[in-house]
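Heads up, the chain below is alone and in the form predicted alone; it's given as structure tokens.
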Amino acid sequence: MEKIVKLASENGILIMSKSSCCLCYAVQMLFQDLGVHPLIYEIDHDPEEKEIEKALVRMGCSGPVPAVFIGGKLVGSTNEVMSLHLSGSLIPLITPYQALSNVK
């Protein structure tokens, strides 16, 4: 879906989320704790919510949300993000965006 690709390419870190999703919140807090402030796109506030969910699954996300994009590329959902973090591989991916997040 073009909307997802556009948002992902225009923002260093994008989290496709739902406002009522506890796993989405956990991933958002992880990124905040790591010093980055990704764009949070709440798909449940979008009239195309169902189409976005289907598109995210087609793109390879294990569940529709959270869907995390870094540098325009789909990283995955909660399991993938937490696995990257525990293995030490997440920090190098987000480092280029830490300085950008602190510029106000």
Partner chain sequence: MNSASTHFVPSRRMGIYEPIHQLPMWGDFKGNNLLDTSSPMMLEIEAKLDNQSEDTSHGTVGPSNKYDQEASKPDDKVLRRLAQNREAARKSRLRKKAYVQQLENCKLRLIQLEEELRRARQQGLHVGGIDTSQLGYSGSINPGIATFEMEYGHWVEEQNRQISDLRNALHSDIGDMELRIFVEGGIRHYLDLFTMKATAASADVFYIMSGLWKTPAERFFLWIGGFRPSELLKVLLPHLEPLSEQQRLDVCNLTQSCQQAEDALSQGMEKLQHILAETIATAQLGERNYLTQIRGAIDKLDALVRFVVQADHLRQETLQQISRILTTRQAARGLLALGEYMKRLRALSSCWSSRPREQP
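None of these values were measured; they are calculated from a predicted model. Numbering follows the first chain given and starts at 1.
Quick note: we don't show the form predicted together with its partner chain, though the next part is all about it.
Relative to its partner chain in the predicted complex, residues I40, I52 and A55 are all farther than 4.5 Å at every heavy atom. Taking non-hydrogen atoms only, L93 never approaches its partner chain to within 4.5 angstroms in the predicted complex.
In the predicted complex, L30 approaches its partner chain with a heavy atom inside 4.5 Å. Among residues of the shown chain, G60 is not one whose heavy atoms approach its partner chain to within 4.5 Å in the predicted complex. With a 4.5 Å cutoff on heavy atoms, V65 counts as touching its partner chain in the predicted complex. Heavy atoms closer than or equal to 4.5 Å to its partner chain in the predicted complex belong, across 15-37, to the residues S19, S20, C21, C22, L23, Y25, A26, M29, L30, D33, L34, ordered by sequence position.
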